[in-house]
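Listed next as structure tokens is one chain, alone, in the form predicted on its own.
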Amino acid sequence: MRTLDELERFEPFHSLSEEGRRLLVKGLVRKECSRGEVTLYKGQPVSGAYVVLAGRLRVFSLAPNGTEATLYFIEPGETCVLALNCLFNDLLYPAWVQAEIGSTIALIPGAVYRKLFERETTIQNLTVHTLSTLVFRLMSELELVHSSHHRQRLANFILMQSASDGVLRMTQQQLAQHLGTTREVVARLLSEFSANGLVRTQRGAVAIKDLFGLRRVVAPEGDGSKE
């Protein structure tokens, strides 16, 4: 089964017992999501555990005025802890999930995932790791929201989300949505960063030019090069 083979590329599923593997096959669903497609809506019942096979999902909140703010991303091999929480506690989903790029998802039915959690140590470890990772990400973002200006949050986002070549392939509108602000604010800050030699802007992307300078924007009191 193609979806099972793709899941088994990731360690928690590669190490399942034969019984767990047979259980996992039952009802396993593979879903292709186009870029920008919303896969979960706020208030929607959760039918199972969502595991990203390829691509990336964005979990975001939406203010009454329509402003979006990214809560966290779900990368390949990861599952959504908010969905797991809803699954185990019979809750409706509290946010929105959107495919950041073209993505492939494996949906493990709720009843199957709960049985796997009861029987398989690797699934227990995956669940705990997912929870601890989310708590860390949310606390880091909350700290930035309360203690930082948009300038620091944008600099931190560029540092954290850029690819290994130092390029963040997102439009200014996408950056604004992630940070919960407007495109005009992002454009002004990027112009400032560019004028100071910190980044180079190009169509649909931002390239880091001065890594340590950008780190100093995030932590003005300390030099990031000493870390």
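Owing to the predicted nature of the structure, the values given are computational and were not obtained by experimental measurement. Quick note: we count residues from 1 along the sequence shown, nothing fancier. If you superpose the two forms and keep the largest set of C-alpha atoms that fall within 1.5 Å, you have the rigid core.
FYI, the form predicted together with the DNA isn't displayed, but the following is about it.
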Fill in: Partner-proximal stretch of 50-58, 36-44, 22-30, 165-173 relative to the DNA in the model of the complex, 4.5 angstroms, heavy atom
165-173
Worksheet item: Closest heavy atom of His149 to the DNA in the model of the complex, within 4.5 Å or not?
Response: yes
Practice prompt. Using a 4.5 Å heavy atom cut-off, state whether Leu62 contacts the DNA in the model of the complex.
Written response: no
Worksheet entry | Ala187: touches the DNA in the model of the complex, heavy atom cutoff 4.5 angstroms | yes
Worksheet item: Should Asn196 be classed as touching the DNA in the model of the complex when contacts are defined as heavy atoms within 4.5 Å?
Response: no
Worksheet item: Is it true that Ala207 shifts between the shown form and the other one by 2 Å or more at the Cα, once the core is aligned?
Response: yes
